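Quick setup: the structure tokens below cover two forms of a single protein chain, split into structure 1 and structure 2.
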Structure 1
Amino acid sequence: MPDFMGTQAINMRIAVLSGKGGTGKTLVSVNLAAAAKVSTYVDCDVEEPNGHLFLKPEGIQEEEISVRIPKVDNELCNGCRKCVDFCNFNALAYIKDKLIVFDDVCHSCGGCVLLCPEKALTEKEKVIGKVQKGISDEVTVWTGRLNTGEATGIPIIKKLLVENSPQTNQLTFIDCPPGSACIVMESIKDADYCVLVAEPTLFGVHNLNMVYELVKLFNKPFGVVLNKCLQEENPAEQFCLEKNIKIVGRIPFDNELGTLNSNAEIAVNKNEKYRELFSNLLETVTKEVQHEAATNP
């Protein structure tokens, strides 16, 4: 643990988010975790989890995540089609005296099973993905993976966050899915602080605004990291100044960092200047959280 934290117990959950993919969420969360040394990194971007490519965790343990989907007993089914009409997701079809269930469209609401007058429907477990836990140096790495084509990753995120309910002396970094959909809301639900990563373009401002609205809605304390900063004017910075948003860090655009990152390497471990950059960011963020905790307990 970095010295500045002293002996004080650290127990914080920091979510890292951005309005769009490719902004630098994973860069920031992975390097913060590496800078913190003893910490936990949770990859909630379950459709495209990339954090493990950087952290390369070892000793992987995994658990499959299932949802319940309907199973039909065609002997009992009398073809009333009540379930077909009820299903708002169109996951059922009745063809040639047989009910067909489309697993990949089913949202596991359980409605069809509840309403079947013939009790022809029961439920079975269906694996939609998994969570993996491994170790990378002193970082505990949790990865959620949704199988391609599944309807929703929310059950996987729920599992990841339950497994990582607050522990003492532990910093937890949550790498969120991009955007501001319900899956992102689920990911930040229990976060103590949100770090919004923004690019220095008009596009970046538009995308930042989306997650800004989201964290405001959830009343989360937050700060912005400006990524890929050039010498030019930075509209994202302007936006923060106008809205009175705290800028917690600036990451310059530089070729070395870009190359390290595109090769899925952890910048903090490769170059002292990046270690310093992310350690400073970590310090700022931790102070912000402690400040929040003191002023808004």
Structure 2
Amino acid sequence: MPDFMGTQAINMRIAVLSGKGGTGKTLVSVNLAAAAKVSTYVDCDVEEPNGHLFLKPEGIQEEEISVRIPKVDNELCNGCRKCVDFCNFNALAYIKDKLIVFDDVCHSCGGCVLLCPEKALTEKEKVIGKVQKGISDEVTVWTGRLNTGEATGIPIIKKLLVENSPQTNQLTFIDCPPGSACIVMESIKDADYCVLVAEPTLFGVHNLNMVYELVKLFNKPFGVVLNKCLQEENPAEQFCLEKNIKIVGRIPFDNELGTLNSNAEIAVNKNEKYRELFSNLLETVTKEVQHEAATNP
């Protein structure tokens, strides 16, 4: 078994991305965390977290996450509508001589409170979700959960990542939301390395290109894992070759692996061939991070 906890391999944050759901992002994330043994897994897919289904953490601790939203005192409001004109999210409206706040679309910027000349707006706390912490063998599991209908999960992701500043002699795996929107940007901004998971289809290439453009924008070192590989032409592999993108691993299209994944089982704990597969992938990724640190200190 390779030693992932050598002095050069400490304090790594490895983010795992994909252009859409179902590509294999969580499969890769949870199995890398399990292969590393002593590690931290952070599920930033706050709208639909599912890493906990695989890792089954125990001793769950929970904390609610709140944001501040405007609260109006209509006795002080003179109907100037400056706050209404200011809000780009249309979270405020002045109707029938009364200022209305639409909590569900407010992005908690606080600008309206600062702008109000009559000091008619103050702020109140609104719970938007929670973070949970538990333990699965030697893996510390953090999960973010956004309440249904909330505008953004960024405050929850920020809390998850602040709580998970790099630990000595420990790898942190960040299971990002799918796609390339703001919540993904928040998830990768402090990552040391990004793993992009891709499927062997033309649609898979489209989704791969989304996250490829994102990590380039953030100037993050990265490599691609090709999932569901068959013994035939792979458009995602061809894309990597054309763009000179490093392929750090290949996961075969495998009925047994698919069954384990469907049953929310950690593959590396069930079969030695999968432990070897993900351990080799982890060794490759850690060497890539070490090389990047050595060449770009």
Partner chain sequence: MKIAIPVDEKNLESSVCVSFGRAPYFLVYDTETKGSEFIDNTAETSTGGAGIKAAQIIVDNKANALLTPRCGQNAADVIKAADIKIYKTTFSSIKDNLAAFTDGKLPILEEIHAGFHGHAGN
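For the two forms, the rigid core is made up of the largest set of C-alpha atoms that agree within 1.5 Å on superposition. Numbers given to residues start at 1 and step along the sequence of structure 1. Nothing here was measured: the structure is a model prediction, and the numbers come from that model.
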Block containing the form predicted on its own is structure 2
K216: after superposing the rigid core, is there a C-alpha shift of 2 Å or more between the two structures? no
Did V141 shift 2 Å or more between the two structures, C-alpha, core superposed: no
Do you see a C-alpha shift of 2 Å or more at L99 between the two structures, with the core held fixed? yes
After lining up the core, report the Cα displacement of N90 between the two structures in Å, one decimal place. 2.7
